[in-house]
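Shown next as structure tokens: one chain only, the form predicted on its own.
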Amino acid sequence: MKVWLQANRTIVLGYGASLISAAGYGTGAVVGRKIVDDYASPLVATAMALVLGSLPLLLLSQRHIANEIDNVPRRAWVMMALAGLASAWGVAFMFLAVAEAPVVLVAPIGGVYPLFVIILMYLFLKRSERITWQTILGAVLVVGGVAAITVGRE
């Protein structure tokens, strides 16, 4: 087992980070509902969540930013800006969604993002990422599960 873990360290780290990401997004949806119900509008909640979430990351990465800022190509800055904007829109619409619909409905619908990932990978990353039938099947199962949850709520 130890040898397998050492040989597959990046895969294990990737899966671990994915699970932590899922826990973070799940927690964010529940906490987001509490915030928009009791404390702030969805747009104010979005702004504060993004600012307060970015500050610790900025503090943790400041040394790396200082070392790398001159070496980052302009195209990378554009891509980072697009990624940031897409993430910000995702957070904003998550807060808007939980303000209007039950979290148990919003969270699974937000979980169909693998379908968007696959479509965008196919359009933009054909050369660097391979889409297998297992990946497509997984996305179809996710979407099917979301459909079952959505239909089951009515």
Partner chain sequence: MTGILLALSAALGFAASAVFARVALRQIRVTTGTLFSLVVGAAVVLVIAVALHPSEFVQIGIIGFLWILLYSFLNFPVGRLFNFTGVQLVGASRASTIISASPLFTMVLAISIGGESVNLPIVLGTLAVIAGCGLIVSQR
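Throughout, rigid core stands for the largest set of C-alpha atoms superposing within 1.5 Å between the two forms. Numbering follows the first chain given and starts at 1. Fair warning: this is a prediction, and the values are worked out from it, not measured in the lab.
Just so you know, the form predicted together with its partner chain exists too; it's not on screen, but the next bit is about it.
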Worksheet item: Is Glu68 close enough to touch its partner chain in the predicted complex, meaning at least one heavy atom pair within 4.5 Å?
Response: yes
Discussion item. How about Asp37 - does it come within 4.5 Å of its partner chain in the predicted complex, if we only consider non-hydrogen atoms?
Written reply: no
Worksheet, complete the sentence: Residues in 133-149 that come within 4.5 Å of its partner chain in the predicted complex by at least one heavy atom, in order, are Gln134, Thr135, Leu137, Gly138, Ala139, Leu141, Val142, Gly145, Val146, Ala148, Ile149
Discussion item. Please state whether Pro42 has a C-alpha shift of 2 Å or more between the shown form and the other one, with the rigid core used for the fit.
Written reply: no
Fill in: Exceeds or equals 2 Å, Cα of Ile118 between the shown form and the other one, core fit
no
Worksheet entry | Sense of the change in Cα distance from Val98 to Ile20 in the predicted complex - at least 3 Å versus the shown form | farther
Item to complete: Quick one: in the predicted complex, is the Cα gap between Val146 and Ala23 smaller or bigger than here? Answer closer or farther; it shifts by 3 Å or more.
Response: closer
